[in-house]
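Below sits a lone chain in structure tokens, taken as the form predicted on its own.
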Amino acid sequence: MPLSPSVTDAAYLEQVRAHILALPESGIVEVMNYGRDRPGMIPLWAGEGDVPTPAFICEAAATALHAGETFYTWQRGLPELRAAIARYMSRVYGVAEDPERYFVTGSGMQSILIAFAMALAAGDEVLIPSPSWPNAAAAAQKTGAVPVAVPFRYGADGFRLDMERFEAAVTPRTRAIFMNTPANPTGFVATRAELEGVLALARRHGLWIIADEIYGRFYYADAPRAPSFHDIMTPDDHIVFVQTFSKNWAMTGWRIGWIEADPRLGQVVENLIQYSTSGVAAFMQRGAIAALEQGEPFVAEQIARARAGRDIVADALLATGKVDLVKPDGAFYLFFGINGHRDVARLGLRLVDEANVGIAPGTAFGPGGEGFMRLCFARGAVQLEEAARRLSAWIRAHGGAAAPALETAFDRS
């Protein structure tokens, strides 16, 4: 007689490494699966806009594809693309133009995995400000390392780093700090002083910094980009930058990014690319070259559109008087609470059913996300105005009375 399915499944899964079985399911995907087929749904749950990749990028990739660029290629990336990245980084970040610092990867996610593979071993710890994009912590777990959530402070100026908490979180097993700024989901943007504090801590304890600055151009102050570790680092700092083409150039589905690292790490990075994906398709890289060389007007449009989207939704929600919301300085998310609604996993499902708007529960982003919801505003004005109308009406009807700011899992100051 065969074993019951539950016994069979349990016995089969016993052979899977425990730290892999422990990887969490996505709390974002739960809401997406619940609401994705609803007629008239306005989906603001995922971290992408609604604009398809521009034609000039697609045409460059298609031309290369039809020209037969379908073979194995440079593991570090096409020399032409690495040179284009170097020019872009020199123009935007003021760094020396050195193609040997750049390595093409199959997405920003792969860049993070490669960076963690260099910096972390099983049992090592990586400090991650929280709440945060959940994939970073999961990537650390994949290596057998331990992600350590470091609480943000939350107050009238939104989410801020707390250097005392960072210092207190360092243990003999700490090997790295993961810094995402501008940040998903909170919109936090590190100031130069905060970056200097993190870098000083890393130097003092001999830690790597994995710098995720993929939203660096989505910055709403009077500057072309957000503050960066590029502004303060020296050649001997162990900083690895992870980047992607996804956000700036509307290429989320392409799965192409890059790593920036000291050239002394070049062979290490190349080996990690070789033994994972063996490189990125050449025709995709041709599209990426076009993005960098011709895409600046498109990037400017994306940023202006996101800024307008932020104001459309934030102003409408704040006008209800029933939300805890600070307009973010960067990225393209609102991270806010609705008075009287702490069970945000259930709230996300209710908003699908009752407002036909899809947003992600803050609990999907780790400690400190309790009581918050994440809304992506990288969308067109017409869609966001309707989403704001629906959400505001629901909040007026179902939100609690005006109350003090959210009591999060962490201190408010």
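Don't overthink the numbering: it's just position in the shown sequence, from 1. As the structure is a computational prediction, the values presented were derived from the model and not from experiment.
One more form of this protein should be noted, the form predicted together with a further copy of the same chain, which is absent from this view; the next part is about it.
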Site test, Thr8, Val51 and Trp254 vs a further copy of the same chain in the predicted bound form, non-hydrogen atom cutoff 4.5 Å: yes
Segment assignment from 381-389, 340-348, 353-361, 53-61: heavy atom within 4.5 Å of a further copy of the same chain in the predicted bound form: 53-61
Heavy atom within 4.5 Å of a further copy of the same chain in the predicted bound form - residue from Leu120, Leu81, Ala306, Val313: Leu120
Residue (of Glu194, Asp324, Glu213, Asp124) lying close to a further copy of the same chain in the predicted bound form, criterion heavy atoms within 4.5 Å: Asp124
Close approach of Gly400 to a further copy of the same chain in the predicted bound form, 4.5 Å, heavy atom: no
Distance check, Arg204 to a further copy of the same chain in the predicted bound form, heavy atom within 4.5 Å: no
Residue contact check: Pro99 to a further copy of the same chain in the predicted bound form, 4.5 Å heavy atom: no
Contact of Arg396 with a further copy of the same chain in the predicted bound form (heavy atom, 4.5 Å): no
Residues in 158-176 close to a further copy of the same chain in the predicted bound form, defined by a heavy atom within 4.5 Å, in order: Arg175
